[in-house]
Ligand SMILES: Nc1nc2c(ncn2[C@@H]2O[C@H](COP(=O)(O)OP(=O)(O)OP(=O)(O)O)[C@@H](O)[C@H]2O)c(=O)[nH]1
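Below you will find one chain, with nothing else, as structure tokens; this is the form predicted on its own, and questions on how it binds or moves follow later.
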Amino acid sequence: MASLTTYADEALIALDTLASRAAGIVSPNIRLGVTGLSRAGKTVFISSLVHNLIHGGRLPLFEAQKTGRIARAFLEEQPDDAVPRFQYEEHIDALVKERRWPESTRAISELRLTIAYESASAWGRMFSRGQLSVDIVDYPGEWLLDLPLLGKNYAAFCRESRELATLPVRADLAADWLAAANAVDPNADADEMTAKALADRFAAYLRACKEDSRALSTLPPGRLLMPGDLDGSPALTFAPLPQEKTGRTRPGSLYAMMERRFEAYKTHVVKPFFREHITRLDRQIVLVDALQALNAGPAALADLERALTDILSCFRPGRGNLVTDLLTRRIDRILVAATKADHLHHENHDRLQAIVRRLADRAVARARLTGAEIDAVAMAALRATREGTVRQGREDLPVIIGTPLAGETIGKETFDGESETAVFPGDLPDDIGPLFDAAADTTPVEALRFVRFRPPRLERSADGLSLVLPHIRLDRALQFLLGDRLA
């Protein structure tokens, strides 16, 4: 990504890193990026991570917690005053008191969690303060998918958008935008209403691609889907023109307007996000809703792999040395996590993990990542179900039990959001190879039935206190992301 920044950008990054390293001598800290595409569970992951550490949750695979070396964990004031705070308390209230899922991540936010611990070694106890601040940075994965745009011009953006739009899984959704774009003359005079109409149709096409029936992931520019305070600005009022560009661009033309706004989007939206946030990360977790892609079919799975490749290619991975680390941060550990493992019986967790590992391995190879440790896991940051068996004829079926969200359906039954039910979700295939084979059958995994559940009703201890949020393999994720820094 160095080629996507200017010398001035690199100088600012180096100054920021040097200042951060100096502060870290007195107060050691680590910046953990949390991202994933919409509905992958970023907000729930952060809330559960913080809640389990503060309240001493069951984390048997998290070595520092297991051995009793963590004295306490507590929230502190975050270091970046210009970044919104992650509203941890509101999200916990939503999960525990109201039993509803919190709102999805729509902008960047931050939270500082400080862990007081005892080093496992006598040497470490002698020279370490025994305190680590974890700055958790939450940001939408859709924004991350914009970073590859920094290395492209408008013509390349138009060409790639057209190629994606003609794929069978997208063609019908893109028809309205393509028809409108093909009807205009790129060399005609620039017109604000034409630009707005094309931008609206292009954004509508991207939104349709996100729907559950398609579950597509590669949808840049991400801010067209999450405009925030930029809604209606010229930097977001542009769209690709599918016609091949011929000859020189006429000043004052529609093409020139779109090209200028595309460059403004990179300059004022994408580049500051990269420089101010991505280049400051030390560790990264990428949350993936692989189950949704599996249910939508191989085309959605292939698109998820494409998006994951683009995401991983945006990081600055690797390990530096004593000199380079003073001026440049590198992400030395990346965890790719398949979420919602609680939607499957535990007999299928290994298969889900194999699927996300296959996705990660192929994406890593294509993104040419070197030096960073990469791992994959199937997890549920908040376990909304429990397991059981039901008798069907002479067969015992493994089921998951929980409270489906109001409006969820199985067959002809529609749930009210209050009643518990047992669901047999089906099994993932033993052989995952055909799922990634372009020549394989292109139908979804029909045996699977995913129902969205409400957060669980927390059990209470003997003294009446609510227990911490239950999870699946959150402790393994914590050990990979933070374990070495608490050794």
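Each residue number is its position in the shown sequence, starting from 1. All values reported here derive from a predicted model rather than from experimental measurement.
Below, we turn to the form predicted together with the ligand, even though it does not appear here.
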If we take the ligand as it sits in the predicted complex and superpose the C-alphas round its site onto this chain, is the site open or blocked, where blocked means 3 or more ligand atoms come within 2.4 Å of a backbone or C-beta atom?
blocked
Can you tell me which of 53-61, 66-74, 424-432, 33-41 lies within 4.5 Å of the ligand in the predicted complex, counting heavy atoms only?
33-41
So, R99, H345 and L458: all three within 4.5 Å of the ligand in the predicted complex by heavy atoms, or not?
no
Among the candidates V286, L359, A378, A381, the residue which, in the predicted complex, approaches the ligand to within 4.5 Å (heavy atoms):
A381
Residue among N153, T389, S119, S104 with a heavy atom within 4.5 Å of the ligand in the predicted complex:
S104
